[in-house]
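Listed next as structure tokens is one chain, alone, in the form predicted on its own.
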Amino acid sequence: MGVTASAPAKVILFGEHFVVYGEPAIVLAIDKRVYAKAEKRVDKILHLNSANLALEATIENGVFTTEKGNPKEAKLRFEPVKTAVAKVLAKHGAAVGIDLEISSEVPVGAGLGSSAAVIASTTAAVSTLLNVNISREDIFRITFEAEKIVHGTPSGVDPAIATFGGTLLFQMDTGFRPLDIKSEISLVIGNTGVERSTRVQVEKVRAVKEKYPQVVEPMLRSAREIVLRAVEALKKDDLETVGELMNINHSLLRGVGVSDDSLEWLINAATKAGALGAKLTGAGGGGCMIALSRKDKLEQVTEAIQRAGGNPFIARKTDEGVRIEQS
């Protein structure tokens, strides 16, 4: 008898890059989820399978063996999953063999927090399967630790949103706090399909800041003001203002050099099709953009992004974090 758990993906609604310099950001859980199904085995082997990535591996007595796909990629993708399972097994107190099957509605490597959602759903599924009493805070901590393998020094935003869901205000020095947003937020997410390195984009902004400090410092203050005004607008369900602020936020991101042609094509197409606002989300330099739209314009905006060369899908805010689907 298996247990399936899931966790949501995320978008950064406001504040990416500027958050590195202590400014706030708004992060939103979306209704696209990653699923992890855990089943017990009769042996002590951990068997990992990712349907979306066409990767399969086994771990026996600490030895990692790739069964399917590129060995280097399998190790990279499954190492944090192995870490999360090991932490649950340590709480369980006995070695158990587990079959773990991961499937996802979320594009991988697109800045939507899929790796954190994989780890959070895995942690929930395995702990429930083994009757290990585990809190959401435990799931967050385990996901955060495992994410360090992927990202080195993660901010904690992705593990938090995958675990708790909802809308979070995040700042480096104060961490994250939930925002009580009642608005129904509908987004079209456009994936450019262009792979990018977060590290390269972060270094690009740092270089611009070091070269033009007097120019970039006011941009940081503007980014903070955008987030604070966006919080108020979201609480009032004033989506026009949210959209306008998204446009201004994107102009700042373009100004520090993290947009590119692939993103600009999709953002311009979305705006012309009637989106209230559109911007890149995440690191930039490719990856994804988001367009805020009223319900009656969602299809129109989606089609426009597709015609402009993007791979679009509709996503909505979700307040639900990690959860057990079935057992």
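For every residue, the number given is its place in the sequence shown, counted from 1. These numbers come from a predicted model, not from an experiment.
The form predicted in complex with a small molecule exists for this protein as well; it is not shown, and the discussion that follows is about that form.
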Assert contact_stretch over 239-247, 198-206, 180-188, 216-224 against the small molecule in the predicted complex, heavy atom within 4.5 Å, equals 198-206
Against the small molecule in the predicted complex, would residue 83 count as a contact residue? Criterion: heavy atoms within 4.5 Å. no
Please determine whether residue 53 contacts the small molecule in the predicted complex, using a 4.5 Å cut-off between heavy atoms. no
Residue contact check: residue 19 to the small molecule in the predicted complex, 4.5 Å heavy atom: yes
Is there a heavy atom of residue 157 lying 4.5 Å or less from a heavy atom of the small molecule in the predicted complex? yes
Which residue, 12, 315, 9, 304, has a heavy atom that falls within 4.5 Å of the small molecule in the predicted complex? 12
Here the chain is shown alone; which of 59, 283, 273, 298 has a heavy atom within 4.5 Å of the small molecule in the predicted complex? 283
